[in-house]
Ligand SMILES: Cc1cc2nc3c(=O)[nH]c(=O)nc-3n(C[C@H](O)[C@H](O)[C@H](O)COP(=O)(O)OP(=O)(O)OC[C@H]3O[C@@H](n4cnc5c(N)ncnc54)[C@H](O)[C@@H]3O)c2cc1C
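The form predicted alone is given below as one chain in C-alpha cells.
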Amino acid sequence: MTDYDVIVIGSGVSGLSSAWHMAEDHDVLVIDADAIGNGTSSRASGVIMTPIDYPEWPEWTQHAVEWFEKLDGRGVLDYTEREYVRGVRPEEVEGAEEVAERDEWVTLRDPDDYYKWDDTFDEDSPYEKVLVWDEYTGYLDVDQWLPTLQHMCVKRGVEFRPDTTVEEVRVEGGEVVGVETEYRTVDADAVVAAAGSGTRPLLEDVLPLPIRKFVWNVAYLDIGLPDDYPMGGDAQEEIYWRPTRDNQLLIGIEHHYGEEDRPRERREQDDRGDQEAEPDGIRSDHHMEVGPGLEQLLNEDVPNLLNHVETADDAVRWEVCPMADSTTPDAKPIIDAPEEGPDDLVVAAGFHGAGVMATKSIGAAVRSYLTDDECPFPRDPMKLDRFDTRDTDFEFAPMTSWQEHMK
C-alpha cells in the first residue's frame, strides 16, 4: 500500500490547484523545498489578463477567470474586475481589427473617445486606436490568493510538507512509485511535478524538458491615480501595468537576463568570479537585481505612452523575482503526462509568468490526466511533443503571441 495517491511537488499556484482538484477523492501530499506558496508565485503581479496572454484558448480563459469571480470574498481573497487596454500603433490597426472581430469581449475604440472616458493615454502618444478588453480581466494580490488557495486545500484534506527537498522522482519498471526526499522515501501512485523553474533539474534524468529561466522587474509608482484606472500594456515595449489597492501604479517588464541584459556591475562581479553564474546568466544563488531595462523605459518611453507617468523618480519600490520564472520555446506552458516519460507522472510547468491567472485551469488539466474526468478545454496545445527540442538554448519568446495578429 502506498503512502499517498498523489504527491504534488511545488506549492505555487500550479501545485496548489493540482492538489485541490485531486483531493476531492484522493489522498494528496504537497512537498515544497521552501515555505508553502513562497516561490515564484508569491512574487507575481496579480494581473489577470488571461484572454490577452492566452488568446487562442478561450475555453481555458473562461474556465480560469470565472473561478476568481466566484471566489471573490472567499477567505481573504479580494478580486477586482477591471478592463484592460492596449494602444494600437498605425501599422497594427488591421491586425487589431481582426482581434476585435474575433473576440466578443474586445472592442476597438478611437483614442479621442478613450481619452474623454479616462485620462490614461497622452494625446501625443503613438497610438491610433485602442483595444479594450472588458471581460475576463482584473487583478488580485497574491498574498491573498495563495493562503486562500492553501486553506481550500486543507479543507479537502491535503497534507503539506514544507521545507522538504525532493531529491529524486522514483521510477520502477517505467512507472512512478513516489519520491525520495532529503528525509525519507515517500511512496505514491502518481506524481505531479509543478516546481516552476526547478521542474527541469528535478526531472533531468527522468524526462528532459525544454524549460529555461527568466525573470521580470516591477516598479511601483506613487503618482496619484484616478479612480478605476484601467490595467494595460504595450506589446512592443513588453510592459504591463495595473493599479494597486493603495492607488499606486505597478509597471512590469519581462527581463530576459541574458549576458547583455545584466547590470554592468553584476556582469563585472560575475566575471571576477565573486558569484558563479549559470549558463543562462542567472546567478546560482538565485539573487537577482533590477536590470536597466525598466528604469530606462520609465524615463524615456513610458511617459510618452501614459499621461500619469513622468519619470522613474516616481518609483517608491522596485521588485525582481529572486527565484526565477520559467518559460518554454513558445512561451506557453507544458501540462502533460508525456508518453516519453514514466507512467503516472504529470508535468505542470513553464507558465512564463502567466500561471496565477490560469490557476483553476491548471488543476483541471492535471486532474484530467490522472482520472477519467473530461478536460473542460483542449489539452493538445500544452503537450510536450509540440516541441522538437528538449534543450534550453532556445531563443526567449515574449508571451505576446496575440501581437502576431497586429502586424
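Note that residue numbering follows the sequence shown and begins at 1. What you see is a predicted model; the values in this text were computed from it and never measured.
The same protein also exists as the form predicted in complex with the ligand; that form is not shown, yet it is the one meant from here on.
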Stretch in contact, per heavy atom within 4.5 angstroms of the ligand in the model of the complex, of 338 to 346, 57 to 65, 355 to 363, 374 to 382: 355 to 363
Proximity of M22 to the ligand in the model of the complex, heavy atoms at 4.5 Å: no
A194 within 4.5 Å of the ligand in the model of the complex, heavy atoms: yes
The ligand contact in the model of the complex: T164, any heavy atom under 4.5 Å: yes
Any non-hydrogen atom of D27 within 4.5 angstroms of the ligand in the model of the complex: no
Partner-contacting position among L131, L202, V302, L221 - heavy atom within 4.5 Å of the ligand in the model of the complex: L202
Stretch 42 to 74: residues contacting the ligand in the model of the complex, 4.5 Å heavy atom cut-off: R43, A44, S45, G46, V47
